[in-house]
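In the form predicted on its own, a lone chain appears below as structure tokens.
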């Protein structure tokens, strides 16, 4: 049996999406898995993929208990999935005015028509085989529709849990967000392994469509276990004066690859794209970002920071593409990396591809170890070496955490990250 052959056979999309699913299956069958000779996968081998993944049936999914830190939620609507199966008992669906939210399986005729019109319009074809795989295995998804001029103050939280399973589990996650003109909303996507969950493969694709003057805060958090594999993507299209504020966090796992593509399609559009990745052990994380500036008077601020420890590896490839008509563009890209071990490794490649002459663009990347002078300064003031290393590591990313607009999410992340850095509750308390 080949990779994902069984999940493909088990995939059953709603009848109105079956033609789209068939196109995805055709693209997947015609394509090939990337290898180390594929430029965009040069530093990310696919050796951890298995041939025996199975899709969990609803009857096989036992009720789960939410982690204590998430039990209170983030203050808004929450949809919870366990092994890809919706869990109404763990969810809380209270929709404010101007917001529609549905699963593909429960879509009304009007919602189904909108989903069919917009789904898979931002994702590439055979050049992105895993996006095709996601469409090919489509069984369900989440559609978020924000009405014109609606100001949704509370966040929408989409929580994807992986539990301990008897067999390797394949999960397809799909989200479509349609923010109409003048609207405001916040979406949090979170991927989390429950205690003991291992050997899962998640294919996660999100499409964000922002119409004129819409603003979306988007957070995507990866907290899967060390043996999990996640290959996913976020694709966004920004029309005139639209504003996307996007934050990405990835803790390590055996293989984690996320592609982020933002397309500036209307003048005045702006994107803030921030991210933090924290592999350790023998984990691997790969972020590939592409910003397409296709029209004039658009701006991008992109900052990614990584802390790589032990024997872990990380890849960051950030590309900003300025098209010939994109005059008066301002785009800046920064990638900074901190290695906390002599065996840790990072491959970083910021790229500017510019075909317009009236632009302001800058990019830069650094790879460094903990500053010996700063470490010495803290040691001379009575701070132990372990405490000093934890404080300097946390400070390296703290600016990005502080910059998050959603306060409940900041409060959730602080103890999580403090414990990860310290690996000891006593040291972790010094960061809180």
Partner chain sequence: MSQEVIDSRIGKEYSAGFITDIESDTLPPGLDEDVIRFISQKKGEPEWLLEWRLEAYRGWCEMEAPEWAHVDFPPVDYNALSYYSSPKNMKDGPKSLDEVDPELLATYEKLGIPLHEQEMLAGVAVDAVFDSVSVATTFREKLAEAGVIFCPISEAVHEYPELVRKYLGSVVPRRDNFYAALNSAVFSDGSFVYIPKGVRCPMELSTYFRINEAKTGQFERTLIVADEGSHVSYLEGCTAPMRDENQLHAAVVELVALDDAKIKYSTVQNWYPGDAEGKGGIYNFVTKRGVAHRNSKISWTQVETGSAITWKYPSCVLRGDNSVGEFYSVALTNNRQQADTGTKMIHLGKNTKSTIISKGISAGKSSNAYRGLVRMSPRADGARNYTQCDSLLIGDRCAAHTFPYIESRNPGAVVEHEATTSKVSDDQLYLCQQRGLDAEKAVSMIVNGFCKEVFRELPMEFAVEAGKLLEVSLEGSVG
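All figures in this text were calculated on a predicted structure; none of them were measured in a lab. Residue numbers count along the first chain shown, from 1.
The following text describes the form predicted in complex with the partner chain, which does not appear among the structures shown.
Mapping the unseen interface onto this chain, residue 41 falls outside it, with no heavy atom inside 4.5 Å of the partner chain in the model of the complex. Residue contact check for residue 54: none of its heavy atoms lie within 4.5 Å of the partner chain in the model of the complex. Contact between residue 362 and the partner chain in the model of the complex is found at the 4.5 Å heavy atom cutoff. Residue contact with the partner chain in the model of the complex: residue 406 places no heavy atom within 4.5 Å of it.
The stretch among 252-260, 342-350, 290-298, 230-238 whose residues place heavy atoms within 4.5 Å of the partner chain in the model of the complex is 342-350. Out of the listed residues 324, 88, 267, 96, 324 is the one that sits within 4.5 Å of the partner chain in the model of the complex by at least one heavy atom. With the partner omitted from this view, the residue of 33, 69, 368, 58 that lies near the partner chain in the model of the complex is 368 [heavy atom within 4.5 Å].
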